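As structure tokens, the next two blocks hold two forms of the same chain, structure 1 and structure 2.
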Structure 1
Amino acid sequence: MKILVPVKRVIDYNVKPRVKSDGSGVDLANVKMSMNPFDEIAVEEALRLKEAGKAEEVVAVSVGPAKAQETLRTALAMGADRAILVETDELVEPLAVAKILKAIAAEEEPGIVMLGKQAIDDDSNQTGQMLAALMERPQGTFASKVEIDGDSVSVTREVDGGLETVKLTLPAIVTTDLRLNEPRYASLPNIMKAKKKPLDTKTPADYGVDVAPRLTTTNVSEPPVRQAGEIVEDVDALVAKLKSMGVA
């Protein structure tokens, strides 16, 4: 079985984003970029399934600018077998990404498409679900545990009331949550080996997908500064304060 793992290049989670002076978006100039953490978890899980003998090949794919090759090389250094970059300088929305992934999946015929449940830059949480709908495949979202048994996969999902387990017939779509695993660090020898692993470059046009944005961002601004808290003497003072604020 083959596992296809889409990964996205985003601002590193340790970096505080800066808004452009004109409010048109987030400033990416001279900002450290890295693999989306949820996608990193997806890569790790795919590699663990391969190491357990449940899969034969792990293919990483990314949709983005030429610099997204760095993100794919990270996936290759972790252990992915090969990578595909669909290069575009456009800001690609989830639906366009899902359409591209559908076309790639039609060529690669993976048993599982495993991706992070959301990207930390836009928090859309849409690509996996859209891909499942376009491909008419079963989906297991917010996975905290993945187990393959023959021609099916059991996915334990994190839901509001606790945990839910669904059994999906392969091929299927799985989106990963934070508690699924702890991603490995790429060793120096594997980083060197990754430079020689195959990385194919395509364009959205190769798959017949129009990536022109359907949404327009009107303004981006910093969140308001939080007001300082106030310490009260006792519960009565707290209740009185809440009433004066119209909370209680």
Structure 2
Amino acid sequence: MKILVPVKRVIDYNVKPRVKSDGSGVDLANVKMSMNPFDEIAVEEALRLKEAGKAEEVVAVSVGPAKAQETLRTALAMGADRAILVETDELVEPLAVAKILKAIAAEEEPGIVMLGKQAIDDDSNQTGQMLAALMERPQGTFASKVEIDGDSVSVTREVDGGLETVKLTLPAIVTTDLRLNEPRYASLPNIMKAKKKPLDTKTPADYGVDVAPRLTTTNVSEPPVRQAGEIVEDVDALVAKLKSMGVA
């Protein structure tokens, strides 16, 4: 079985995003970029399934600018076997990404498409579900545990009420939550080796997908700032405050 792992190049999660003063977006010039953290978890899980003998090949794919190659090289250095870059300088929305991934899945025929539940830039949380709909396959979103058993996969999902388990017939789409695993660091020898692994470059047009956006972002602004209040001296002062507010 093959596992397809879509990865996105996003602002590094340690960097505080700065809104541009003209309201046109978030300033990404000279900002450190990394693999979306949820996608790193997806790469790690795919590699663990391969190491456990449940999968033969892990293929990483990214839709984005030429520099998304770096993100794919990170996936290769972690242990993915090969990579596909669908290169475009357009900002591609989840629906169009899902259409491109559907076309790639039709060629690659993966048993599982494993992807992060959301990207930390647009926070859409859509691509996996949309891909599942377009492929007419089942989905296990927000996964905290993934167990393959023959031609099905059990996915434990982090839901508002606790942990839900679903059983899906393969092929299936799985989106990863935070506690599925802790991604490995790529070692230096593996980073060197990754440079020699195959990386194909395609375009959205190769897959016949129109990436014209459906949503227009007309403004991006700073969130309202919450003012710091008052520091109280001791617990008695805190109790008095709370009581004056009608709490307890």
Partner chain sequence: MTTLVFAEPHGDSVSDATLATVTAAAALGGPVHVLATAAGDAHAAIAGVEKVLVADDAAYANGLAENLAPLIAGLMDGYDAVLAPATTTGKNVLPRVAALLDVMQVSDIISVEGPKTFTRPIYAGNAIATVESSDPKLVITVRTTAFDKAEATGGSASTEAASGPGDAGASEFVKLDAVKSDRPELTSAGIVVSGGRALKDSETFEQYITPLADKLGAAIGASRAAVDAGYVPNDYQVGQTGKIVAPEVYIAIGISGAIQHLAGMKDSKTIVAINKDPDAPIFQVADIGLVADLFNAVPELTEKL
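Residue indices: 1-based, along structure 1. The term rigid core refers to the most C-alpha atoms you can superpose between the two forms while keeping them within 1.5 Å. The structure presented is a predicted model; accordingly, all values stated were derived computationally and were not measured.
For this session: Determine, for this pair of isolated chain forms, which one is the form predicted together with the partner chain.
Result: Structure 2, not 1.
Exercise. Residue 15: with the rigid core matched between structure 1 and structure 2, does its Cα shift 2 Å or more?
Worked result: Stays below the 2 Å threshold, so no.
For this session: Determine, in Å, the CA shift of residue 234 between structure 1 and structure 2 after the rigid core is used for superposition.
Result: Core-aligned C-alpha shift comes out at 10.0 Å.
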